[in-house]
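Coming up is one lone chain in structure tokens, specifically the form predicted on its own.
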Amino acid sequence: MPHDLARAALQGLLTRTSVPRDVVDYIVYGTVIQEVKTSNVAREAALGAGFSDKTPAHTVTMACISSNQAMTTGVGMIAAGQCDVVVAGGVELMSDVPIRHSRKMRKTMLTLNRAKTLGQKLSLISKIRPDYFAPELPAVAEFSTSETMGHSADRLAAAFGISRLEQDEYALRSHTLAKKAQDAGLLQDVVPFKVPGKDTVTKDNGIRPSSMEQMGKLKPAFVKPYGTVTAANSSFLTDGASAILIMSEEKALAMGYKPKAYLRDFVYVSQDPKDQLLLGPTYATPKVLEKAGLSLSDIDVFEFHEAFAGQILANLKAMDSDWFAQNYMGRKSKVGAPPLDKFNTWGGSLSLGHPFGATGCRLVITAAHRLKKEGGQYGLVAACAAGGQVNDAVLHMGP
């Protein structure tokens, strides 16, 4: 269940940081597809990880930026003086998502539960028809538009003239860089997890550098037969959980901790979920840079969520277009496109997977580790989400 994964992430964080459980003032977790038995997964995971029952915990949801929301919620609580130490994270169990009965079956079952006599129960059971058993499967689709995210990504790629070849090349880049980083021991944040009935997972297992020839054989996954988005150039759904330790600087230094990074500023932005569903980073990046008093050239490390290769390439084109900035964003000039030699150089969601509620924390800690490894000062994290929403954040290494 999701709380098992989240518990393992929390226990891993405690082991690696040696932070005492009783020092943690609050726990916030993000998730998207909630398990009804553990709707407040933060609380259940915290109790399972051995935190005191006196430590409050709550769960947030904001689609693919749920753990981003968890982190910034924690930051807000610290800034408001409510807490000194917060653990934030996210979790998603895509391999066992809740699947509902049809509405007809749910109604019948609820009525059956209230039936008092055997005759009433048999009468209700006799009314059940075969179509009642058809399940309601969850879909990665917009509620407001009924369009799947993959279909939207295909339209976005077409609108910006992103070819199938370009998307496959970018996806191959992601897997190749992730494999290189993994082999070099750079992806050091994975906590071993024993999957019930299976082996222990000790590293990211979705990294599969292929070839352009092999990728080219795949058929379109969403817009058929002429679409350009395939399984190979889309992020894959996977199970995962994350956890990150957030403190006020004063508290961290008093406890003898050296911060991995400081949060300089962040923004949330929302756009049209129909035609700009995945363009959030283009809109949010200039805003967060302005808030932080920086320009694109000041950023040493970029970590963008790779929902689809076409989504990444469309954003890079839009960010580098004066015409788009002037006609769609009301800005005088473009913000500019991040240089690829600073962009997702340890792979991304295309190669590492995308457990919806957990990805944000991975982006942030990867940016922090890259800054340290590469001697950089500023990092920019961006992630789009369902509903046309996005979170951008700027990290810095501090004094």
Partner chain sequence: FAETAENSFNTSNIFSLGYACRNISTSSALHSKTHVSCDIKGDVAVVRFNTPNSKVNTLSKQLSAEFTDVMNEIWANEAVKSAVLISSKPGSFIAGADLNMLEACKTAQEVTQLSQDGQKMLEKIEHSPKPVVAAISGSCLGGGLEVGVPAAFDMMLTGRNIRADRAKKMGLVDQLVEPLGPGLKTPEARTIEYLEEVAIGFARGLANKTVSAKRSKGLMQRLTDYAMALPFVRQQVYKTVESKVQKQTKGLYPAPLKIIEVVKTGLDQGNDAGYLIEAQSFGQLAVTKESKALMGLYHGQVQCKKNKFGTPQKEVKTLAVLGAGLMGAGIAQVSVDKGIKTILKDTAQKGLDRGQQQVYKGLNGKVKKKSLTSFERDSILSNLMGQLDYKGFEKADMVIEAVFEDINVKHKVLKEVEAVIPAHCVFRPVTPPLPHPQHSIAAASKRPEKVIGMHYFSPVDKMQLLEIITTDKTSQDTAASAVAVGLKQGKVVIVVKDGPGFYTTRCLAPMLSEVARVLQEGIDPKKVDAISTAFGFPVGAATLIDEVGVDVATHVAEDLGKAFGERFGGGSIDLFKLMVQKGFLGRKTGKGFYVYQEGVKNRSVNSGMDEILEKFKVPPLSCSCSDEDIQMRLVTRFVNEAAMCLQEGILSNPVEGDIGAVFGLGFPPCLGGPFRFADSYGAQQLVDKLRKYEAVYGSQFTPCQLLLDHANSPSKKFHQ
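Model, not experiment: these values are computed from the prediction. Numbering follows the first chain given and starts at 1.
Note that the form predicted in complex with its partner chain isn't included here; everything after this is about it.
- Proximity to its partner chain in the predicted bound form, taken as heavy atoms within 4.5 Å, picks out 147-155 from the listed stretches 94-102, 235-243, 147-155, 175-183.
- Between the options 276, 248, 210, 108, the residue in contact with its partner chain in the predicted bound form by a heavy atom within 4.5 angstroms is 276.
- Among 231, 159, 115, 122, the residue placing a heavy atom within 4.5 Å of its partner chain in the predicted bound form is 159.
- At the 4.5 Å threshold, heavy atoms of residue 317 reach its partner chain in the predicted bound form.
- Contact annotation for residue 73: none of its heavy atoms lies within 4.5 Å of its partner chain in the predicted bound form.
- Within this chain, residue 321 lines the site of its partner chain in the predicted bound form, having a heavy atom no more than 4.5 Å away.
- In the predicted bound form, its partner chain sits within 4.5 Å of a heavy atom of residue 328.
- Although its partner chain is not shown here, in the predicted bound form the stretch 218-237 places heavy atoms of 224, 225, 226 within 4.5 Å of it, in sequence order.
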